[in-house]
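Shown here is one chain on its own, the form predicted alone, set out as structure tokens.
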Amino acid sequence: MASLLFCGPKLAACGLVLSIWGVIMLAMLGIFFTTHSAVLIEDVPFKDTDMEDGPNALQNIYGLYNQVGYNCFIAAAIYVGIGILSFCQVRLNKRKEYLVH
């Protein structure tokens, strides 16, 4: 039977820790971007033409905030997938320790 184990125990544990940190950080950034936090205005990719629209300028900026927030949530979901994969590798490495060859 083919083994699904392709990471060592240290790499799997490192991947698990980094993915937990990434999910927490990106989820919080996504929340702050979708609530239109003024502190994050420098990270919103707007152009000067977005500000010249008059009454729609604020809505354009809010739309860009929301788009960046959704991108953060998508990246957090990718980190969840990597975390699940790393957790499976940790479990497979633990099980390998108890197998007799």
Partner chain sequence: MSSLFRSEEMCLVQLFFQTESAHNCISELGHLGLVQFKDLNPGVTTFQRRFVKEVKKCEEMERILRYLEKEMVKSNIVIAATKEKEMVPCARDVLELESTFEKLERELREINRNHATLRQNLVELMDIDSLLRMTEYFFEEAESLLTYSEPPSEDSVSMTVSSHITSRRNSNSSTSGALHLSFIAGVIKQERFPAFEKVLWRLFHGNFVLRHAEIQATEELQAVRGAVKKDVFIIFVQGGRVREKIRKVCEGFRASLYSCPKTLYERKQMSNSVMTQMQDLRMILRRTEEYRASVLTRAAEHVQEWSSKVKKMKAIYYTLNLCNIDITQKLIVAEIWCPVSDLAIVQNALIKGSEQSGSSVTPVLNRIQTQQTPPTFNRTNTFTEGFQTIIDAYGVGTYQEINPAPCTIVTFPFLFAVMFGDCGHGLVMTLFAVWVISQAESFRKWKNEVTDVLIGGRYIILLMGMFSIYTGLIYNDCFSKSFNIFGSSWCVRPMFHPHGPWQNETLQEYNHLQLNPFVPGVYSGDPYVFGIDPVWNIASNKLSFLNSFKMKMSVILGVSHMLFGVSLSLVNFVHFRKFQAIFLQFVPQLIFMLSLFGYLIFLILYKWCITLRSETAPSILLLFINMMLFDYQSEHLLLYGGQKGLQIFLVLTAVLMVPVLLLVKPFLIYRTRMKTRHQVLGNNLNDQHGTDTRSSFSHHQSDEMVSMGDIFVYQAIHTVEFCLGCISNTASYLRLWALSLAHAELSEVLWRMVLQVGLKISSGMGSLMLVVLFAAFAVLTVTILLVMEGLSAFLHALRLHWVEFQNKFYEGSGYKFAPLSFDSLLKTQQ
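Given the structure is predicted, the values throughout are model-derived calculations rather than measurements. Residue numbers count along the first chain shown, from 1.
In what follows, reference is made to the form predicted together with the partner chain, a form of this protein that is not presented.
In the predicted bound form, the partner chain stays beyond 4.5 Å of every heavy atom belonging to I84.
Within 4.5 Å of some heavy atom of the partner chain in the predicted bound form lies at least one heavy atom of I78. Proximity of N71 to the partner chain in the predicted bound form falls within the 4.5 Å heavy atom cutoff. The partner chain in the predicted bound form comes within 4.5 Å of a heavy atom belonging to V44. Contacts with the partner chain in the predicted bound form, taken as any heavy atom within 4.5 Å, map within 23 to 43 to M25, L26, L29, F32, F33, A38, V39, L40, I41, E42, D43.
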